[in-house]
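To begin, one chain is listed below as structure tokens, in the form predicted on its own.
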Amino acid sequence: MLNGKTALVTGSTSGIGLGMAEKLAAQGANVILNGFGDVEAPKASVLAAGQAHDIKVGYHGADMSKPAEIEAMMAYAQAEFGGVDILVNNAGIQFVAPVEDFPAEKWDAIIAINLSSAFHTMRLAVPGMRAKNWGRIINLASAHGLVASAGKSAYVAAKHGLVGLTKAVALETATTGVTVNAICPGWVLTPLVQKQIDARAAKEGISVDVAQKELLGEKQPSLQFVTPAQLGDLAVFLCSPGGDNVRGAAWNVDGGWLAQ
């Protein structure tokens, strides 16, 4: 379905981003990975996912808090793949503290990586998508793009901002073949969330299993984690003809979190 298209997924060396990259590759898209840590294992898993389509997998290690590095990554995509057809803005970091104790540098980093990076990739990707009259921009927001939780002022602000940015650019591209949407997951068992579970277990003197159940029980009625594969399947739908008129949506995949 996506043969000949190129998908750039930020923050894709693990977690949600990797799951989405694998699902897009399985549909025939070439994939550009981005992120820190081990690169060879994620590249291999994405290649394996797309092996039936003989896809190409690239990597760029841009630090998503630095606009100049984002520009270099987009130039790499143009030079090596002929541009970006599917842009998945997934890179994100988290820090938890009450607002009066929130370090200013943590605020700046979260806004830069969780929000401003998407502005920079989008402003650079949209002209090429307009020229081809086809493109898909999928911003990984969060249930926290739609509702708040205490202790997460920067993350909630950034994700609400990302939902707003999604809507604005969706309107700007509404008469074109470019669609812009946000996916808003609830709890997904990523390395980021595992850290929160481990910290909770240590703080409360409980087992990791109990901490995990408590975490889900507070917010997510299904008592099940959302999986990267489920989010990848939604991304594939948004890239299909069925997604042609889904524009500016903030699509929650949250086990019932927002239904409460």
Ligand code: NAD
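Model, not experiment: these values are computed from the prediction. Residue numbers here begin at 1 and follow the sequence given.
Another form, the form predicted together with the named molecule, is not on view; read the next lines as being about it.
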| query | finding |
| --- | --- |
| The single option of T166, T121, N90, T179 touching the named molecule in the predicted complex, heavy atom within 4.5 Å | N90 |
| Residue among M129, L140, I137, A77 with a heavy atom within 4.5 Å of the named molecule in the predicted complex | L140 |
| Location of the named molecule contact in the predicted complex, chosen stretch of 78-86, 169-177, 92-100, 121-129 [non-hydrogen atom, 4.5 Å] | 92-100 |
| Contact of Q27 with the named molecule in the predicted complex (heavy atom, 4.5 Å) | no |
| In the predicted complex, S153 touching the named molecule (heavy atom, 4.5 Å) | no |
| L146, heavy atom within 4.5 angstroms of the named molecule in the predicted complex | no |
| Non-hydrogen atom contact G186 with the named molecule in the predicted complex at 4.5 angstroms | yes |
| Interface residues of 59-92 toward the named molecule, as seen in the predicted complex [heavy atoms, 4.5 Å] | A62, D63, M64, S65, N90, A91, G92 |
